[in-house]
Structures are given as structure tokens and as C-alpha cells.
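In what follows, one protein chain appears twice in different forms, each by itself as C-alpha cells: structure 1 and structure 2.
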Structure 1
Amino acid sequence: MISMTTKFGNWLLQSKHSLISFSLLRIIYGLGMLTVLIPSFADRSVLWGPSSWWVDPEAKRRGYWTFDTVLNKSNEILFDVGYVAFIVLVLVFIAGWKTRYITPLVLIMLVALQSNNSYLTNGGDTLGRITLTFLIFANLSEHFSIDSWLRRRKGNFREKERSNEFWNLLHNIALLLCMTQIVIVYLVSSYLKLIGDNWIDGTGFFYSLNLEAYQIYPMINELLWQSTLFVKVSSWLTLIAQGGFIIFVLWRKSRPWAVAVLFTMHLGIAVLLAGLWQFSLVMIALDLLFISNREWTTIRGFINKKILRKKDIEAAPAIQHKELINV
């Protein structure tokens, strides 16, 4: 028991984990937010701005601090400035500049936007908002970011700050909370699917393709639901992948494959079902958190060796050896 506490305590305090996955999550979350903000740009006033005044009797009853002045509904110009500022913030977030300060600002904007009209949010928006609250305390910019590029240029003078035990603890708790959240999503949704008949016999999957509300390319959906084999196999794969998620990700060998299957599933949802890019990208980003830095290196080696057929595998500049101790 003491040994387990010591081991877990060391895991929590000695270094930050899943730094590559967190950096990828930052980019994917940002892209997810852009898939909402950019296509809705022309309709923004009716959706979240002053012309959505008619939803206020409900929107004003959210029950938490909604940062109303950030995306102001009482003035078109102020609202537009806020909306464009949100897009710019998301772009800076994706680029990974001053991420520690930008992340809370992105969360404030996201809460303000979602609170302006509660009839436009889906599971992806909710999941994004909740996990972004945890991610304020995580290091999202160790890789693929301007922050990391600047750090490399300046040398290791911030090494002390990065290895601070307090920040390591907050980062790792944020990781655990995000993992908990995604496990809950899979467990609850697979349990609900299993207690009904609709997913076992393929009806659930069929209707998800057959509802007009979710169709982007009705012809493709129609082509797919005509095949009994496709519908049945997809239904069962969904049930197995979601229901067995926790087992598949705990077993190191099956972990990348489980994540790959769910990645494909969510990409399929994004392409085939309307309005679910944000949801799919958030789910993909959270799935990736289960892959450690060491596993990313293995995956990179596998891709280089087997797919790209490279003979000499060198560490990419972004993943230096000293950073790989943070697995």
C-alpha cells in the first residue's frame, strides 16, 4: 500500500505526463472551436448576438457566471468585436503562444458564447467547456507551439518553473480528470445502448444515418444504410469500442489500436453527421490523452519504419531526449 502510494505520488509530482497528447489536444480543440465559429460567422447575430434576444428568458437563467459583457447582446458592434476577438484568441491558442494565459480567456469566451443561446449547444460543446476548465491547469504548449519554440531559443532558463512539483501535480490531476470524463462518456453511453434493443439489432446506427437533421450528404448516408452488413458491423464495433474502452486503454498493447478505432469512428461521425465536428474533435483529442510520450515515440518509429520506410530514425527536434523523461 505504501509502495503504491509512493509510486503514485511520484507519478503525480515528479513530471508532467502526456505532454505530446496535450499539445495535440490544444490544436484539435482549437480547430473544433473554429468549425463552429467560422461556418456560423454570417449567422452570428441571430445565433448568439443581439438578434437572438428572443431566447433571453431562458438564456438568462443559466445558474452560473456567464460573462455576458464579453459577447455583448445589447450592441451589434460590441458583439462583433467580441466574436472576432474570440476567433483571434482561438488562432493564438492553436499556435500556442502564451498558452497559460490564453487558455482561461478562451474558456471565458466559450462560456459567454454558449450562454448567449442554450439551444445551440450539443454534447461536444458541453464536453469542451467542462474539460477546458480542467485544462487551465495543464501544460498544453510543450510541443508544436510558439511557446516551445521560444523556450528552445532561450535555452533552459524556465526549466525550474516547468518542473515545479505544484504545477506538475495540477497538470497531472487535470489529466486524470479529463480521462475520468471521457471514460464516463463511453461507459454511460455504452450502458444506455446496451440496455435497449435498438443498438443490438442495428436500429440505433440506422436512424443516426437516416435522420434528416444529421444528414450532410443524404446520398452517401442512403448508400451506407442500405447495407445490412455495414449497419450491423458498425453497430457492434461501436458497442465493443465504447463498452470496452477502459479495458482496451488500460492494456498497453491494445491502447493505440483502441484509440485508432475510436479516432476512425469519430471522424466518420464528423463527416457523415451534420454539426458534429466539434463533438468529434473533442472526443478524438480526449482519446489521445491515453497515449503517453513514450508511446508517441514508438508510434512515430513504427510509422517511419513500416510506412515511410526510413532506415535511420532520428528524434524530431520537438521531442528531445530530456523531454521524453516526462512520460
Structure 2
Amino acid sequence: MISMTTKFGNWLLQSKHSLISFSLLRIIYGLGMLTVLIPSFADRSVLWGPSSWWVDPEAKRRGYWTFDTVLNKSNEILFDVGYVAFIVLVLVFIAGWKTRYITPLVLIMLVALQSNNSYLTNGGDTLGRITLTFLIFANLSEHFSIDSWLRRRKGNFREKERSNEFWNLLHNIALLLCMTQIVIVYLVSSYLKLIGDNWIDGTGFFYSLNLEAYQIYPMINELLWQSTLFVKVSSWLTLIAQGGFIIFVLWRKSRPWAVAVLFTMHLGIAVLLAGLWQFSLVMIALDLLFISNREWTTIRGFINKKILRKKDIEAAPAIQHKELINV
């Protein structure tokens, strides 16, 4: 028991974990916000700004909390300035510059926007907002960022913060909290599936594909649900992956497979069901946190090996031809 406690304590304090996954999560979260902000730019006033008065009576009746002091609904100029500033902040967030300071600002602007009109939010927005609160304490710019580029340029490969046990602890606690959120989502989702009959008898995927209000490409949906084998396998695989997720991720060998199945599921939801793509992006980003830096290195090595092997095969005829000429 003591050794397990010591091992867990060392895991929390000695280094930051899942740095590559956190960096990818930063980019995915940012892209998810941009895909809402930019397409809605022309209708921003009606959706969240001064012209969104149509949501106020019901919001007041339900007692919804508003945060319009940042994105002010009563002043069109101030709202537009705040909206553009939010887009700029998200772009900086994606680029990975000063994320320790930018992340809290992004969270404030996101809460302000969503509180102006909570009827446009869904489960993905709620989950993203909760986990973004945890991400304030995580290192999101170790890879694929301006911050990492600046560190390499300065030759400062070992920043002081990296060896600081306090920051390591905060980062790893944020990781555990995000993991806990995703596990809760999957456990609740699998429970709701189990208390019904559709997913157990293998028809749950069929009814999901038949939701007309969410169909983007009806022809593709119809093509897929006509395959009984595909529907049953997809339904049972989803149920098993979600219900047993906490068990699968604890075993290192089964973890990548569980993440791959759920990644494919959410990718399919994003493509086949309109309106749920943002939820899918958040879930995909959080699923990636279960892939460690070591596993990312293994994946990259495997891909590089395949690419090098392909190049060697393509180059072989040219080398043989050159040798024949020399002979």
C-alpha cells in the first residue's frame, strides 16, 4: 500500500504527463470555438448580441445567470469589439502563445458568450466549459506552439517550471479531473443505453442514424443503416467501449484500442449527425488525454517506419537501374 502511494505521489510530482495530448487538445478546442464564432459572425447580434432580446424573457423566467458585462448585449459597438477580441484570443490560443495567461481569458469570453444565449449550447459546450476551467492549470503549449518554438530558438530546453513540483502537481491534477469527466460521461451514457432495449438488441445505432433533424448526408445514413451487420456490430461495440471504458484504460494494452473505437465513433457522429460535431470534437480531444507521451512516440515511430519503408521500396528500382548502368 505504501509503495503504491509513493508511486502515485511520484507520478504527480516528478513530471508533467500527456503533454502531447494536451497540446493537441488545445488546437482541437480552439478550432471547435472558431467553427462557431466565424460562421456566425454575420448573425452574431441576433444570436448573442443586442438583437438577441428574444431569449431574455425565458432566461429571466428560468433564472439563468448572465455575464454580459464582458460581451455587453446592451451596446452593439462594445459587443462587436468583444466578439472580435474573442476570435483573436482563440487564434492566439490555437497558436499556443502565452497559454497560461490566454486560457483564463478564453474561458471568461466563452462563458460570457454562452451566458448571453444558453439555448444555443449543448452537452459539448458544457463539457468543454467545465474542462477548460481545469485546463487553466495545465501546460497546453509544450508542443505545436509558438511557446515551444521560442524555447527552442532560445536554446532553453529545460524551463524552470518543468522541474517545479507545484506546477507538475497542478498539471497532473488537471489531467486527472479531465479524465474523470470523460469517464463520467461514458458511464452515464452506457447506463442509459443499458436500461433500454435498443442498444442491447443491436438496433441503437440504427435509430441514431435515423434522426432526421441531425442528418447531414441522408444518402450515406441510409446506406449504412441498411447493413444489419454494420448496425449490430457498431451498436454492441459502442456499448462495450463506453461501459467498459474505465477498465480498458487501466490496462495499458487495451487502452489504445478503446480510444480508437471511441475516436471512430465520435468522428462518425461529427460527419453523420449535424449539430453534434462540436460535442464530438470535445470528446475526441479529451479521449486523446489517455494516450501517453510514450505511446505517441511509439505511434510516430511506427508511422515514420512505414513512410521510410515505402520510400525505400520506391527508390529500389532506381538504385537497381543505376547499378546495372555502372556494370
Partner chain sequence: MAKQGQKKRFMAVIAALVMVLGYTTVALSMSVEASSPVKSALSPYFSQKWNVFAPNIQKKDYFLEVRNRSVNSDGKTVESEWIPVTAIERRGNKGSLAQSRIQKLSQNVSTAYLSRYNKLKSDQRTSARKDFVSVSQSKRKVMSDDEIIELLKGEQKNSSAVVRFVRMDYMLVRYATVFTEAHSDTSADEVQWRVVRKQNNDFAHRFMESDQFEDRITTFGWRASDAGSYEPAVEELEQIIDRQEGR
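Residue indices: 1-based, along structure 1. Only the largest set of C-alpha atoms that superpose within 1.5 Å between the two forms is called the rigid core. Predicted, not measured: the structure shown is a model, and the values here were computed from it.
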- Matching the form predicted on its own against both blocks gives structure 2
- Message: Core superposed first: is there a CA shift of 2 Å or greater at residue 205 between structures 1 and 2?
- Response: yes
- Message: Core superposed first: is there a CA shift of 2 Å or greater at residue 230 between structures 1 and 2?
- Response: yes
